[in-house]
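Shown next as structure tokens: one chain only, the form predicted alone.
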Amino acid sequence: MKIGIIGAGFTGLSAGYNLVKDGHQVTIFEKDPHPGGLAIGYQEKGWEWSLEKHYHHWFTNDESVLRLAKDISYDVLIKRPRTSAYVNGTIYQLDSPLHVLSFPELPLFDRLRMSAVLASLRYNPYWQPLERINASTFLPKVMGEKAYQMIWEPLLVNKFGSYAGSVSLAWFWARIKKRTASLAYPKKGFLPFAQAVVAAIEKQGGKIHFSSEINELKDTAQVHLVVKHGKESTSYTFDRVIVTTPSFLFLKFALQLPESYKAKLAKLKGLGAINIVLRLKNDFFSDNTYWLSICDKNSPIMAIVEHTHFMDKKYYNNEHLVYLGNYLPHTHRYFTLNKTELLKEYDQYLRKINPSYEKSLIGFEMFQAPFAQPVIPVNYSKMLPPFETPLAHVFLANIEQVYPWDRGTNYAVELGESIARIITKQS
């Protein structure tokens, strides 16, 4: 079959890779000049490797993406970086049961109680009963108010903002269940990895058009796409089309969709991402922390991630690279600020952690994405859009269908594999 795929993020790339292996004619359209979606990278002068605009890594149990890397003979690095939390003005390493049990901010009984709850969630294989439970109601009851208010409530609020009170326990379970102490990262960065997948698709006859935006999708006996390449538009016809863009974009170009279906998709909520990447002459964290979760509801920053405490700074011209990460509604005022204005918003808080960081500042960039994190309320499985859409030859496979697991490139790849199997069964 002739198959069109909208989007060259890892869902689109995975679907395309598997479909060309099954003998289909595949054409992928991507509005950006490079592949990777939310894992898209960039490269500064003097860097050997690219860096993601929005921080990414894999867990060592991310089977789908690691299998894809192995299948195309792409090297993956595995390391155990230090993960910490910022609590009451101090950085504490909290990336193992021993560190949790020795955490001095909580009484021993509360530490034992919290550890027992986390262990029970980690080794519980059943998420379905949990999706009916509200995380913000359950956690303080079982962990105790003090542990919840000190650690978990600030993390939920900083992640989901006004939606924090509606998040399902199934989402929290997935975060605990999947976490591994060691992390994996594709050699040279996610952009070269995505480009290697593109090369594997093209080697088997697939086509990929970059800087190509979908203007219109119309489904009749076949699917007709009008695609804008630069200043020119071209029409294409396919037997099947897979849409991997966020749902709000799907609604914009698929005008045939019935109003009832549009209303269901419109109910799905999500947050955008804003990341500042600092380039420093010296370390930001003196204790070699890679990931710092900010347990402070008044913080303007959700997480601080020192990438070069995970991957060696030698690949980045010996610069120390630090992400300042946030998930926020796309209507938040931070999305209206330029990079200098946004760093000024963060500056006072950053100085609490590293008073002299600005003295080693080489430069910094800001990156935004209007949709990066779905909000997962209770009973999300009842809201989950199916792959099949009301348009007979059009399928939807996007970030909002990753459930119960949290979004990420591993589940994007898994989603692409799933939709490819469905398409192939129809051929």
Ligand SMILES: Cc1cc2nc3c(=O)[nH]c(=O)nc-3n(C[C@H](O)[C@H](O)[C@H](O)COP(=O)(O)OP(=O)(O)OC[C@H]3O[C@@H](n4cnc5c(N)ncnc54)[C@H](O)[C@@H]3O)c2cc1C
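Note that residue numbering begins at 1 and tracks the sequence as displayed. Quick caveat, the model's predicted, so the values are computed rather than measured.
Below, we refer to the form predicted together with this ligand, which is not included among the displayed structures.
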- Message: Taking any heavy atom pair closer than or equal to 4.5 Å as contact, tell me whether residue 37 reaches this ligand in the predicted complex.
- Response: yes
- Is residue 275 a contact residue for this ligand in the predicted complex, using a 4.5 Å heavy atom cut-off? yes
- Task: Find out whether any non-hydrogen atom of residue 202 is located within 4.5 angstroms of this ligand in the predicted complex, and reply yes or no.
- Result: no
- Item | Contact label in the predicted complex: residue 19 to this ligand, heavy atom within 4.5 Å | no
- Note on the structure: Answer among 249-257, 139-147, 115-123, 339-347 for heavy atoms within 4.5 Å of this ligand in the predicted complex: the stretch 249-257
- Heavy atom within 4.5 Å of this ligand in the predicted complex: which of 172, 327, 285, 86 fits that? Just give me the one. 327
- Of 33-66, which residues get within 4.5 Å of this ligand in the predicted complex if you count heavy atoms? 36, 37, 38, 39, 54, 55, 56, 57, 58
